[in-house]
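Shown below, as structure tokens, is a lone chain in the form predicted alone; questions about how it binds or moves come after it.
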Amino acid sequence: MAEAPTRRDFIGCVAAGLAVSAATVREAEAFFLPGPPPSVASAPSRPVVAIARREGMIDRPAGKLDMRKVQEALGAAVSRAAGEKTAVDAFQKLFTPRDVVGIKVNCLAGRGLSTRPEVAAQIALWLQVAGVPPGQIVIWDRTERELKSAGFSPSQSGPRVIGTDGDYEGRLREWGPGASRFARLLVEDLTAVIDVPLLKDHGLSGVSLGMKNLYGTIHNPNKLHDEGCNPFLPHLSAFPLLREKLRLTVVDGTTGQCHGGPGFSPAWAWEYQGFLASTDIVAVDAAGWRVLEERRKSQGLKSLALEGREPRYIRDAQKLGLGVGDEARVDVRNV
């Protein structure tokens, strides 16, 4: 295993675009956390979705993240999802020092409902501890403008922070019911992807989780929203270019939103203060759907099915063999 980054290494990572406070830097040095005992960390016979929540993760009234609690919850979710003792063990299992890893964030809604820069920074840091060189880690989304709006500082050094910004491959690729040009970064550079979506509602697809975040890898998502994004979402996610590179999905649920998405609607946002993680994108989307339905019920909202927005694409993704969406066949663990 590569040596752990020092404080100076992490400050270099921050300078490369993962801008956080000095207090966060100090907290981020304590990323070696105890994992679950070996008896419960062994690989399961069915897909695992690990859900980790920690009260007080969002420090009020400032609204900043308590990085020690972020590390504890995120580390517990990632390690359990991969069947390992610690987050570093999980990343060593899922990635090699030869990989070029893309951390696909979601910054559409700006501050308040985007992947937190601190969360992306922590994932990038663990990847480095696991042996992936910083120059082979890329945090990216559709545009630099959206990254900036969510609090990221774009950079071309260290772990890069970049937007696709129209740099798509020249040819269309057909993938079932659709055809798209994919981000050149994904096609030519990345060997592995970590999908880091939000825990949020979507006015057309019902929910916006792991599969929906992959719309940010193509040039024409605006053309793929009819019929609740179905069958587009499952077929796109099952396309080999994405399926073969996706290693892990981590839903950033520090803040969730149960209605009014995909834009930020403060009236329906709440502090979930947790993460969902799985190596099965269909299973984690199904679990996130359940979380959002429970929140909707507690707020007196109709179910997504009654609103005509049930995310049918999750079940159709299972039919395609992409993963498991049937709750009875998924091992959901609270850690």
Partner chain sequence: MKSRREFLCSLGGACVAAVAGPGFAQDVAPRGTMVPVEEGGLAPRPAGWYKKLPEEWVQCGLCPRGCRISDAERGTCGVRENRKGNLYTLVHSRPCTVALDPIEKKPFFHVLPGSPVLSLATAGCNFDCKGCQNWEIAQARPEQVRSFTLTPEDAIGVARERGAPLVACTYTEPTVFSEYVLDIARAGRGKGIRTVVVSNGSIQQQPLADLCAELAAYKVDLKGFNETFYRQHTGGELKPVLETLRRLMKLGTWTEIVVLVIPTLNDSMEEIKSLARFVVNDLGPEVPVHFTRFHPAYRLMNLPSTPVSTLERARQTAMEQGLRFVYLGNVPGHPGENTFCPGCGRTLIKRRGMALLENNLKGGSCPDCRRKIPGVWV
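Numbering follows the first chain given and starts at 1. Just so it is clear, the model here is predicted, and its values are computed rather than measured.
Keep in mind that the form predicted together with the partner chain is not shown, yet the notes after this line are about it.
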Quiz item: Only one of 255-263, 186-194, 89-97, 68-76 gets a heavy atom within 4.5 Å of the partner chain in the model of the complex; which is it?
Solution: 255-263
Practice problem: May I ask you to choose, among 240, 135, 176, 112, the residue with a heavy atom within 4.5 Å of the partner chain in the model of the complex? | Solution: 176
Quiz item: Of the options 181, 85, 235, 245, which one has a non-hydrogen atom that comes within 4.5 Å of the partner chain in the model of the complex?
Solution: 181
Practice problem: Examine residue 156 and determine whether its closest non-hydrogen atom to the partner chain in the model of the complex is within 4.5 angstroms. | Solution: no
Quiz prompt | Contact flag, residue 160 vs the partner chain in the model of the complex, heavy atom cut 4.5 Å | solution = no
Exercise. Please run the contact check for residue 116 against the partner chain in the model of the complex: heavy atoms, 4.5 angstroms, yes or no?
Key: no
Quiz prompt | Partner contact for residue 270 in the model of the complex: the partner chain, 4.5 angstroms, heavy atom | solution = no
Quiz item: Within 4.5 Å of the partner chain in the model of the complex, do we find a heavy atom from each of 228, 295 and 320?
Solution: no
Quiz item: Taking the partner chain in the model of the complex, which residues along 119-142 bring a heavy atom to within 4.5 Å of it?
Solution: 142
